[in-house]
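Next up: a single chain in structure tokens, the form predicted alone.
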Amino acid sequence: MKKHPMLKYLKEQGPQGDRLPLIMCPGCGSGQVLNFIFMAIDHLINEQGYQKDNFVFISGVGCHARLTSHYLNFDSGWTIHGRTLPIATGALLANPELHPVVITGDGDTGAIGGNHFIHACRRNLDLTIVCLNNKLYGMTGGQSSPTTLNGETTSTNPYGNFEADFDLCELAKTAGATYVARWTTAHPTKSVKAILKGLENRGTSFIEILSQCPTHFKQSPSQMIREYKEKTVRLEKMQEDDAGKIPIGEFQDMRKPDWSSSYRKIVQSVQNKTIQD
């Protein structure tokens, strides 16, 4: 039997036993997003000469974190809730040749880790942040998260969420990330291209993937994926009557010096001055 070409990036065995099936709930979008990431990295390794050993995956706590801790055949760190970015920063500063890939969720990014997220973007650290946004806290009971849409029902808002949702892409863009994009599991090709572009970008890249949680939203996976197509609209095609729809596409794509490059210039300048003196 022909094997899936991305299986080479999974461990044969993990702490929970065989690598497949995943321990995720049936229909969860996390496996799809993991495949998107693998496809982007596979292109870089096979087409552009990147080294597999230079990639390191960092995750925090949540459904998404199980992917990093249990399955990846890469160097990885299963870390503290909300603290993925400081730990990824430490890995990058210890070895600037690394390509840190942060797999995070909407709670990790927008709630407990919000301050770290803002300043990683501000500093333009050379990190690729992939946020699996299922719009709730999936691992702990389906509670509302900062990205739960107004009116959506969750275990902690059975009559509908009355708060405004947090737009993580607008936050990343405003804070200074140089590449920012949002897609969904209903847009696999666009998602892979965005992750690839983020990995190639020298600076902070933030790619948000809206990912279905059939268990807590009590909908079929296919229904949720169809709704992603119906309830989203491309940024460049938005009209006045699209109010209420979720914008998808590229929010920012710019170039400016990343933190490591700026730091190296300072070091070089000091060294040159010392030699001259």
Partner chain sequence: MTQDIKFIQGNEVCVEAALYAGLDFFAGYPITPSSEIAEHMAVRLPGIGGKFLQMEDEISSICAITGASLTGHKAMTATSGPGFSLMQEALGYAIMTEIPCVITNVQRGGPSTGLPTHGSQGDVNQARWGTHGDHAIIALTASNHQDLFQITVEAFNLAETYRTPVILLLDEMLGHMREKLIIPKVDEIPVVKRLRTAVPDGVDFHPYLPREDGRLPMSDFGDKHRYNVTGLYHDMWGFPTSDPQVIHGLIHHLMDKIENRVEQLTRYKEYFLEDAEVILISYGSSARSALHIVKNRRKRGERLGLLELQTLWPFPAGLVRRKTRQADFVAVVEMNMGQIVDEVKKVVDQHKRVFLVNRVDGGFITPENIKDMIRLIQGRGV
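Note that the structure is a prediction, hence the values are computed from the model and not measured. Positions refer to the first chain, counted from 1.
Another form exists, predicted in complex with the partner chain; not displayed. Remarks below refer to it.
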Q) Within 4.5 Å of the partner chain in the model of the complex, heavy atoms considered, which of Asn54, Gln219, Gln252, Asn35? A) Asn54
Q: Answer with one of Lys197, Arg83, Lys173, Arg202: the residue that has a non-hydrogen atom within 4.5 Å of the partner chain in the model of the complex.
A: Arg83
(Q) Among the candidate stretches 207 to 215, 38 to 46, 66 to 74, 244 to 252, which one is within 4.5 Å of the partner chain in the model of the complex when only heavy atoms are counted? (A) 66 to 74
**Q.** Contact check for Thr185, Tyr228 and Val233 against the partner chain in the model of the complex, heavy atom at 4.5 Å
**A.** no
Q. Do Val267 and the partner chain come within 4.5 Å of each other in the model of the complex, heavy atoms counted?
A. yes
**Q.** 4.5 Å heavy atom contact, Thr89 to the partner chain in the model of the complex
**A.** yes
Q | the partner chain contact at Thr148 in the model of the complex, heavy atom, 4.5 Å | A | no
Q) So, in the model of the complex, is Lys190 in contact with the partner chain at a 4.5 angstroms heavy atom limit? A) no
Q. For 91 to 126: residues with a non-hydrogen atom within 4.5 angstroms of the partner chain in the model of the complex?
A. Ala91, Leu93, Ala94, Asn95, Pro96, Leu98, Asn115, His116, His119, Arg123
